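Just the one chain here, the form predicted alone, laid out as structure tokens.
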């Protein structure tokens, strides 16, 4: 999926950041346009979801007819507004807070991508033997730890993204793509790979791998997709179709584990039997 960004001030904030630079391309045909620095007056909409961005901004996501709306209000009074016309483009108001704008662009990419089967997934992702392994789980369960341990045990394992890679269909099969959104780890690789496995990480006093039921696989993947979008019936339908396809194409495993090399080798032996 290719998106065009326009807007002088917003482009200066994004194109000049280390996170976005690897993903800049020459002008070409795009799937949608995100217009930054637009004048977006406050407009009423039906709120579907409210949440906090880090500790500094309150976010509201909702819909009014054929448009989605996203509003961020910072604790110091700065705000950002976003409007996405379903099937069309995105408008984002002028905002001097780079972190807020960065997150709003993440929302914009997901709004544009969801109907196309392209979404961010909250995971830490490594590449090993020309394929990717995605570690899923709630924050603090050890996703990043497993990625780090894989690199320590198998130095050829490369971190693709540590928080928000994107999934998208490519040549008839889902692949994972690096993105400008990688959490606290500055890892921004404009690369994409087929997926070896999706692994849900669960802390445990032992190392064990199980194959979940299909319902459990859905429960493992769906919460790792953008939660706000699932509050809309149409977007939720796209997400469920995507998850159904993923579990039909890609092995989904549960890794109950300790933060040690034994967890790495257990998973390695499961995925790459000699």
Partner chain sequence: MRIDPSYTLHNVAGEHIVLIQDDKENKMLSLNPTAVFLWEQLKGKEFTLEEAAGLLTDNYEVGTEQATADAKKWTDELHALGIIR
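All of these numbers come straight from a predicted model, not from anything done at the bench. Residue numbers count along the first chain shown, from 1.
Here the subject shifts to the form predicted in complex with its partner chain, a form of this protein not shown in this document.
Residue contact check for residue 233: one or more of its heavy atoms lie within 4.5 Å of its partner chain in the model of the complex. For residue 60, no non-hydrogen atom is located within 4.5 Å of its partner chain in the model of the complex, even though that partner is not displayed.
Using a 4.5 angstroms threshold between heavy atoms, residue 240 counts as touching its partner chain in the model of the complex.
Contact annotation for residue 43: none of its heavy atoms lies within 4.5 Å of its partner chain in the model of the complex. Of the residues given (210, 214, 66, 54), 214 alone sits with a heavy atom within 4.5 Å of its partner chain in the model of the complex. Heavy atoms within 4.5 Å of its partner chain in the model of the complex are found in exactly one of 66-74, 202-210, 242-250, 27-35, that being 242-250. Counting a residue when any of its non-hydrogen atoms is within 4.5 Å of its partner chain in the model of the complex, the hits in 194-225 run 214, 215, 218, 219, 222.
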